[in-house]
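Take a look at the structure tokens below, where one protein chain is shown in two forms, each on its own, as structure 1 and structure 2.
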Structure 1
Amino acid sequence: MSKKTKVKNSQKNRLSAEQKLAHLGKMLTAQIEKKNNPFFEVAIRALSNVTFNKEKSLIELGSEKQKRYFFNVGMAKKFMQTLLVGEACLMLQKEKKTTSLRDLYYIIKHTLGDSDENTVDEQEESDECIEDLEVGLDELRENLNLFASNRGSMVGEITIEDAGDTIDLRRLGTGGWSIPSIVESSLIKFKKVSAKYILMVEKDAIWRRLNEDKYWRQHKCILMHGQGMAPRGVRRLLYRLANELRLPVYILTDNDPWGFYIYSVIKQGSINLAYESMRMAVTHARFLGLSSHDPGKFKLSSNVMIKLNQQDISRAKQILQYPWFQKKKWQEELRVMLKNNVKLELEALSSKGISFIGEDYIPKKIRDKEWLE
């Protein structure tokens, strides 16, 4: 990248989302006034344009781009749809309002003139345009004032400010604070923090057990979950907490290929969202368990183990080939799973006692540094 391009990108990144949207409109208007075929560039979001940066430990989107022209039969509709989404987002910025992805779809949907042609037919079309704008403008969709449904909860040794309201996450009962999809610093601010680390749990049921037992109070931590594969809001908040507060992050998932992948998405980012890895991936996250070695270490009965199905085996073999799983200990972890032909759910630890996971398993793992990275 040339020095001139770096300066240009740096100046662009200092602009607000509203300014970037307005700039896109002005750029296209200038092209039209010069009687040129208006176009904008979109990064190609395909596996062929995704790489793993070993030095940064991040899955990144490559530099390949496509020019999308208005006067092109194959591109005209997508060009129009993207500008409609951009116009709606600019309106949200000016009115200082947010809306859902579904709502945006209906905002831009209408029939063209006297034809039977709609601007958009399915929400997938507007969602793709949102992703184009995210990449093209180098902005999170949350900064474009778009949100998704809440999924995930948090409690622990921290007080936050949510849209001006002060919330003590030490005093939220059994349900915790529902993590929104927009968690940027303009809305969510961190106040009084006494946590020593963050424990990210795959499952709501395990999170509830740990919350009911007040694990977070005894061990001075922040306790989060994302209901399986953590949504963008949860991952973005985890990124902010980990980096702004400089806290260690431990991930607790099932002992199966899907649990391992959930961990890797939090740590390295995902292929689908490679263009947002730098704002979501927590590269210092540690995998706490469950591990394929735990049945022996913790004397778990064979009756809590589940035989791998063909889909599990195929997925494990696929993960074995991923560049970000090439570390010796991860290769061993996956091969032991395949060799034993079994997987375990976190709930299997309850066979040792309903609170065994918080009273024995997690504290021992952290104390003895028995994690994978």
Structure 2
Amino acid sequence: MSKKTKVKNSQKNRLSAEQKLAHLGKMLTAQIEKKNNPFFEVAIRALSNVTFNKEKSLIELGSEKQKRYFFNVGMAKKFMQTLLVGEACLMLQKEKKTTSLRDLYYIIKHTLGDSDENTVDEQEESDECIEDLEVGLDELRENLNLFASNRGSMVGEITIEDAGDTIDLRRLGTGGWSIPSIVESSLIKFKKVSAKYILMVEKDAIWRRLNEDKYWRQHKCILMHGQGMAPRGVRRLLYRLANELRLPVYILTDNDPWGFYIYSVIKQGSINLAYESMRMAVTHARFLGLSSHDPGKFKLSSNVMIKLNQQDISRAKQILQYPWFQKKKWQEELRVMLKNNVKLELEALSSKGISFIGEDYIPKKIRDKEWLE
């Protein structure tokens, strides 16, 4: 990044989202005024443009940028779509409303003139433009008044305030508190906390098992799940809980490359959202299981193991190459998995008894400090 843009960025930081959007508009109209092909810059969000900061244990976005021109056949549509998203965001700012990603997609979707082409066809297209706008403006989605649908649940030894309502997370029955996509401190506040750690599980099913057994009450913890790959709301909340309350975080996922990567994203961020790593990555999160060594340690029957498929194998090999998976223990985990050619679901532990996971597995792992970092 050149000095000039750095200065510009720091100036930008002092501006509101609304001002930044107006700034983008003025910059582009000025270009058009000069009869230049209008463009804005977007950081490239790909493996080639992320670096792993070993010191901070974070995936960081590099400085490579792509100029997005309007008068370029390959870029014109994206350019137009991004401006439509910007226009809609400005409207939200002015009216001080928030809206879902789905809503935004419908706001900007319409047919172009008398053609049969639509401004956007799939929600993914508008979602991508939002991410572009986030990095382009250096402004988070949340600040653009956009939210994703709720995903993930939480229960446990904590009382929070959600938009002014006080919620005791110990009294939420079987469903728990649904984690919203915007969890900034202006909306969500932490009140009374008696939890000693946070247990984050990959799957809803395991979360239910542990909630039914009231694991969190017995072990004084907060129990969360992110329904697979944790969404931004869950990651941000986890970050706030872990850092503001200084609680240890334990993660439980399936024993397969995808499960490992879920942990990795929580711990050091993702490639696509590398620009948000610093405010989402829970660098001290610990991986509790399932480890590739667990079947031996817990004497699991080979019946519960599933053969790796081709996608699993190629994903495992890919992950082996990532700079943030270079720790000896992680390399070993993946190698053992590939060598045995099997994966293991969390539910496999139920073969040792339905509550084996909460009564034996987790407590033993934490007691013995048998985790990976």
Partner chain sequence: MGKTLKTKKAESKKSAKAARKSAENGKPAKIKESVPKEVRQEKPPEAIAEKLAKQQREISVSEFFAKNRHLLGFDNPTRALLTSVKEAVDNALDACEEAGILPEVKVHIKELSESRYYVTVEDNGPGVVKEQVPRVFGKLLYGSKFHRLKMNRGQQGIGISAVCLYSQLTTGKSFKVTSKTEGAKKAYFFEIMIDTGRNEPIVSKQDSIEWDKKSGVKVEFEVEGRYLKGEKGVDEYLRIVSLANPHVAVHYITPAKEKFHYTRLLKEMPVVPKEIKPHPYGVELGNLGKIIKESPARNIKGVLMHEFSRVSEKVASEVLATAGVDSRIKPGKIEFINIEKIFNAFHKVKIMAPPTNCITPIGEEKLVKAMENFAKGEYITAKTRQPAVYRGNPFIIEAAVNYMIPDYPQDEQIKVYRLANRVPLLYQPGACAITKAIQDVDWRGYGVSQSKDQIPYGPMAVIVHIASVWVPFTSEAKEAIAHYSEIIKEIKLALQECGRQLSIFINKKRRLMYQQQRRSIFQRYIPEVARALSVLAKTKKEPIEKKLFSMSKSVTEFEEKQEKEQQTQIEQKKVEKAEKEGENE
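Because the structure is predicted, anything quoted here is derived from the model rather than measured. Counting starts at 1 with the first residue of structure 1 and goes up one by one along its sequence. By rigid core we mean the largest C-alpha set that fits within 1.5 Å across both forms.
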Correct structure when looking for the form predicted alone: 1
Thr253 C-alpha moves between structure 1 and structure 2 by 2 Å or more, core aligned: no
Core-aligned C-alpha movement of Leu21 between structure 1 and structure 2, 2 Å or more: yes
Large Cα shift (2 Å or above) at Met200 between structure 1 and structure 2, core-fitted: no
Between structure 1 and structure 2, C-alpha offset at Leu47 (rigid core aligned, Å): 3.0
Shift in Å of the Leu137 Cα between structure 1 and structure 2 [rigid core superposition]: 4.1
